[in-house]
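Shown next as structure tokens: one chain only, the form predicted alone.
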Amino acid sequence: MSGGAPTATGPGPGGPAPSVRQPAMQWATGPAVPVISVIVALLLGAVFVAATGNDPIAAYAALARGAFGTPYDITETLVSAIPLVLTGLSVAVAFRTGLFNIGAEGQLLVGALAAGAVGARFAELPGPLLMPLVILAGILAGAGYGAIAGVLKAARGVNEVITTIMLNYIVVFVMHWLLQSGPMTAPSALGTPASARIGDGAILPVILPNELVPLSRLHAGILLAALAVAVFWFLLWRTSLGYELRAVGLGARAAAQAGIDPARRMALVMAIAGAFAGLAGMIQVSGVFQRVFDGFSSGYGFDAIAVALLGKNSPLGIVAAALLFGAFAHGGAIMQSNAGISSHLVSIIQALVLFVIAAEAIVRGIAGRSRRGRKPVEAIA
């Protein structure tokens, strides 16, 4: 009769219990959390709809029809999702490095201003020359604007949340001046201050002909967004720089002890974040509006925070979350016009999604405390 202690895989009271308990709580950090967040948000949203005397099923049916009911609606949902994918990447790459980028909106606007200015200034250039210039202008402008917060964080330890919020306000008011009475002001029939129209060579072409989908606005920007997702994945998971960025996000002090300079990486990653958002601004100008007008962004940079959180800062997760929020954006407008239910329901659902995702930290805390009740045998040994 053996008196030895049971191993982690063998029988006995100390063996299988940890391996059973641990997987049971893995859902707290897995992909189930975003799915549950959306379901709970939709259920709570239904309560709000019912409280106003409306039919929740009819509301959500109208929302779904508005987002995916026809080929045209599907393309409009995709058009709404494109800037959300890119600004979501902007927020996520900063999250991965332990930074909180609230400035995606400002970086998007700066990228749009730069793209609009270059596209109008060199409007006579042919497309093969003008389009790369416009893309580069949007990316570099966004990167430069994002780098301001990164350099301040690295050099002086200034909180990036404060600086990115302040930089958002700065670009909004500079944009007012540029378009209302500044050098970018041009006659416009839009009824709002706007810049001159960009050259034809700077316009992203519509990729679906009207014969296939009448009135479609789905443009080649979706290909740039797909390329950006691939770059995001390759950068973070297939390069040494990506490894260093993620290491800094997991623990700046430990990364420094391993020979990685956290300050330099933080400055660099904010420039990368700004580049993604600047590209989003360029795409909106070149693919949708063909000019910059005051207040053309509907808050894509702020919705990007929810997109990144819901997507768990992963490439495919961000794409899925952007498609969901794009469906909310386009379907909500149709829901209001067809079902008579306020499109503000969409904002309520988005807020509830964020609220439920925030509760994940509480769930993880509860799961952690339950695991601390008994240590795994490997830890004891």
Partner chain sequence: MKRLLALPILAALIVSACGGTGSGGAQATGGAGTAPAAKAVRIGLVTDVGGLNDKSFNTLANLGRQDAEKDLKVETKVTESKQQADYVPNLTSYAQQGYDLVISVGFLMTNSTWKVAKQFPNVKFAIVDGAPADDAGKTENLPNVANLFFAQQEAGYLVGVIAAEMAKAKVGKATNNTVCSMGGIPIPPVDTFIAGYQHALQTISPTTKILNGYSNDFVDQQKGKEVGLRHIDQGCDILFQVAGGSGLGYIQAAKEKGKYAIGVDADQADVAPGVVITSALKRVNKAVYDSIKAVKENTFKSGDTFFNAANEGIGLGKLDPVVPASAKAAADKALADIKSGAIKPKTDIAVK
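Positions refer to the first chain, counted from 1. Because the structure is a prediction, the values reported are computed rather than measured.
In what follows, reference is made to the form predicted in complex with the partner chain, a form of this protein that is not presented.
This chain is drawn without the partner chain; in the model of the complex, the residue among Ala61, Leu42, Ala32, Ala50 with a heavy atom within 4.5 Å of it is Ala50. Checking Gly98, Gly144, Gly199, Pro193 for any heavy atom within 4.5 Å of the partner chain in the model of the complex turns up a single hit: Pro193. Stretch 290-298 is the answer when you ask which of 290-298, 104-112, 131-139, 222-230 has residues with heavy atoms within 4.5 Å of the partner chain in the model of the complex. Remark: Leu323 does not count among the residues lining the partner chain in the model of the complex, judged by a heavy atom distance of 4.5 Å or less.
For the chain shown alone, Ser314 is not a contact residue for the partner chain in the model of the complex, no non-hydrogen atom being within 4.5 angstroms. In the model of the complex, none of the heavy atoms of Ser37 sits within 4.5 Å of a heavy atom of the partner chain.
Interface residue remark: Arg217 is counted as part of the site for the partner chain in the model of the complex, having a heavy atom within 4.5 Å.
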